[in-house]
Structure formats: C-alpha cells, structure tokens
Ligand SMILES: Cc1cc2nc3c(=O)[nH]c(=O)nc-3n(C[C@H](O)[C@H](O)[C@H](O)COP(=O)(O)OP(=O)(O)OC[C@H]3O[C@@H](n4cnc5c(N)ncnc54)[C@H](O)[C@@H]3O)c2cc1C
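What follows is a single chain, given as structure tokens, in the form predicted alone.
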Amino acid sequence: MNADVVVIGAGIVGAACARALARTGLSVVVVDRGAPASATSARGEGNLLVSDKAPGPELDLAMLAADHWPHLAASLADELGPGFPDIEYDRKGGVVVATTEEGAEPLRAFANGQAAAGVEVAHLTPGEARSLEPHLNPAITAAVHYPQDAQLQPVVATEALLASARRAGVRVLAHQEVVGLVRDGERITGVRTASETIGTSAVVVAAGPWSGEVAAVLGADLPVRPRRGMVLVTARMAQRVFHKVYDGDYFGATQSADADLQTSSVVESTPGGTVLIGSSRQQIGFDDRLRVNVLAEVAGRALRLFPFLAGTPVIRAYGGFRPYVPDHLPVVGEDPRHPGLWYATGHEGAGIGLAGVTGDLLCAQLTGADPAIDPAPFQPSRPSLAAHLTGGAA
C-alpha cells in the first residue's frame, strides 16, 4: 500500500488533517492503534471556546476556528445528508463568573484584554448574569458573556470528518499500531505498522496525548505529555443551565504548568438533558484510575456556581488525557530535524475546537498553499518549544 501522506491518529485532529489533505487531491491513509474516535476525542465535553484564551497565537487560532466551525458544520451536514447523526453544533455562548470579591477585577481585566484582541465580550452585573442563567448562585460578584463560545458532540463530529474524508478517498486502518519508519538515508519512504508497510514520503503525527510516544517510536523528540481530566455526568433533567458556565479560575488551570491537581468549575447542559460538570487537570502519566477525591473537588466547585446541583443524581463519571505541551501552544508543522515528519498535536483541552483550522493549517504548510494564519508560533522549530527538547534547541 502506498499513500502521499500517512496520518497517525484517528481522533478529531487526525480526521480534520486527513480530510483537508485529501480534498486537495492527495492520497491519504489514517492509521490508529485503536478504534477511530475512541480515545481523547471521546472523553471531552465538545468545547469550542474563545473565552478561555489570553491574547496571543492560540486566541488568534481560536478566533479563526470560531468563524470556521459554522461553515464546517453546515458543509458536513450537506455532504453527509440527513441520515448521518447531527454533530449538535450549538453556538450557545459562554458565561464566565467570579465567585469572590477578589476574583471580580481580574476577570474584568482579562476580558478587557480579550476585547482589545477582537473577542466579543459583554460585562454583566450579577443580576444581568442571572437573567441569562436564572439558577446561578446569587452570591457571584462579576460575570462576562462570550457569545462566540459554542459546543458540539465530539464523537459524532470526529466520525463526520472521517466519513467526509473517506468520501474524498481516505483509507482508515484501525487497530494498526505504528512501529517505525522506513528511510532511505534521511528521506522517509514508508511507515511500518505491526502488520504491513505503507509507502509514503510524509507522515503526520496526530496522536493527541500519545504523540510524544509515537514521535519517539519514529526516532524524534516531541515534548507532548498526557494531562488527565475528569468529568461528572448528571441524570437527565429539565434544562436549567443554558450556556457554558465556568468560574474565572478555569483559565489559570488551563495555563498552569503544575503537575499537581488543578480544578475549576465548568458546567453545561447537553441536548440529551444531562449536565456535564468539570473540570480537573493533573499530570499523572497515563494512570486512568478513578479518583474519588478529584470527583469530590470538581463537584464541590460546581455547587459554588449552581447550588441546585446538590440534589442532582450523578449517573457516571469519565476521564481522559489531554495532549499537554509546556509552552501551551499546539504543534502544527514539519519537524526541521526530520524532513517529511509533521505534527498536528498539543492542543491540550482545545483540540475539539481547533481541529478544523489545524487541519487546514497543516495542509497549507504541507502543500505549499497560503495559510489562513501565520504558522510560525505553532511550528516545532519555535524557540519556546525547542527549549524543552532533549539536548536543547534544535
């Protein structure tokens, strides 16, 4: 088997990359050691956020994604037809609140910085916030509304991207673990799986939190590590949460480099009637054991936002691993030390939201087209990432 490009990873980022590449006419094979859409893409809340990103390259990418997703959702629906499940794209907006007097002014200042960068923000009094979310804790001290925040069903969205990619000629090989590269000198000529060799000159590592391990198998060094998160799911109820609602501590947790447990309150409803309650972040390798203390801390924080949840049954909990990078920016581009080896990974908790524009950005670089955004801040050669590579700068 031969292909112009082999994409390693059949999650939402790998699916978006494969679709973008195939739609330019390239032949593409996607390889995953498990089932498609079954790992990190199946373990998140489906967030498409601008509200949790500070001014800078990641916010620029998220703003592009906020404009991109409505068109992508409509395109997938048109292409796949009414028989394919709805990806449940919903631009419901986000409400970020402060729960203490000390947290009110930092929240307002953060939002003002985002507004200067082009984010749509609306400062709310506690009363105005309760008009949007009537069941919010009346003791909140400040709030900001972000109309651009959205949500979708991440597994269905991943499957939709893969279905579209297949229509463009992509082959998806599930349960095929990559075990190495084939080279002719420095030039990549193929990918070896446990059962076959696929001839190719370009390989894209889009394996989420396993990208560091995959890169090592391919003879490269990529500082992507797993960061564990857990989510509670309530029983179905009449809708009482109408936006994505979270406390102002969430941004600090996303940007923390601390390996210890970080929690913040994130609450949102789903079209099925359940409420998702997060979030936690913890660097504990790929240890997937259920930790009751983490769930208790997540639940306790949620009650500070919505006290009514105290009497709500929790029907299940699940966890997953985010692809953490030390400088908190995705890695999208070619490894300068290994020509032909490309990355699309390191989005941590933003991979669902940034998947579509990541696929387009990767595709533009690989094919020599003009990218919609400057790729330099996301390339593997950036100084802030090179400092974390074995042996220092590349």
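Heads up: residue numbers just count along the shown sequence, starting at 1. Note that the coordinates shown come from a computational prediction; the quantities given were computed from them, not determined experimentally.
One more form of this protein, predicted in complex with the ligand, exists but is not displayed; see below.
- With the cut-off set at 4.5 Å between non-hydrogen atoms, does Pro57 touch the ligand in the predicted bound form? Close contact is absent here: in the predicted bound form, Pro57 is far from the ligand, nothing within 4.5 Å, heavy atoms only.
- Is there any non-hydrogen atom of Glu297 lying within 4.5 Å of the ligand in the predicted bound form? Contact check for Glu297: no, nothing within 4.5 Å of the ligand in the predicted bound form.
- Does Thr40 reach the ligand in the predicted bound form, with heavy atoms at most 4.5 Å apart? Answer yes; at least one heavy atom of Thr40 falls within 4.5 Å of the ligand in the predicted bound form.
- Any non-hydrogen atom of Val6 within 4.5 angstroms of the ligand in the predicted bound form: Outside the cut-off, so no.
- Message: Please identify, from 307-315, 122-130, 200-208, 70-78, the stretch that has a heavy atom within 4.5 Å of the ligand in the predicted bound form.
- Response: Looking at the partner contacts, the answer comes out as 200-208.
- Which of Ala66, Val31, Val331, Val28 has a heavy atom within 4.5 Å of the ligand in the predicted bound form? Of the listed residues, the single hit is Val31.
- Looking at Gly94, Gly320, Pro226, Gly248, which has any heavy atom no more than 4.5 Å from the ligand in the predicted bound form? In short, Gly320.
- Query: For 46-69: residues with a non-hydrogen atom within 4.5 angstroms of the ligand in the predicted bound form?
  - Reply: Those in contact are Gly46, Asn47.
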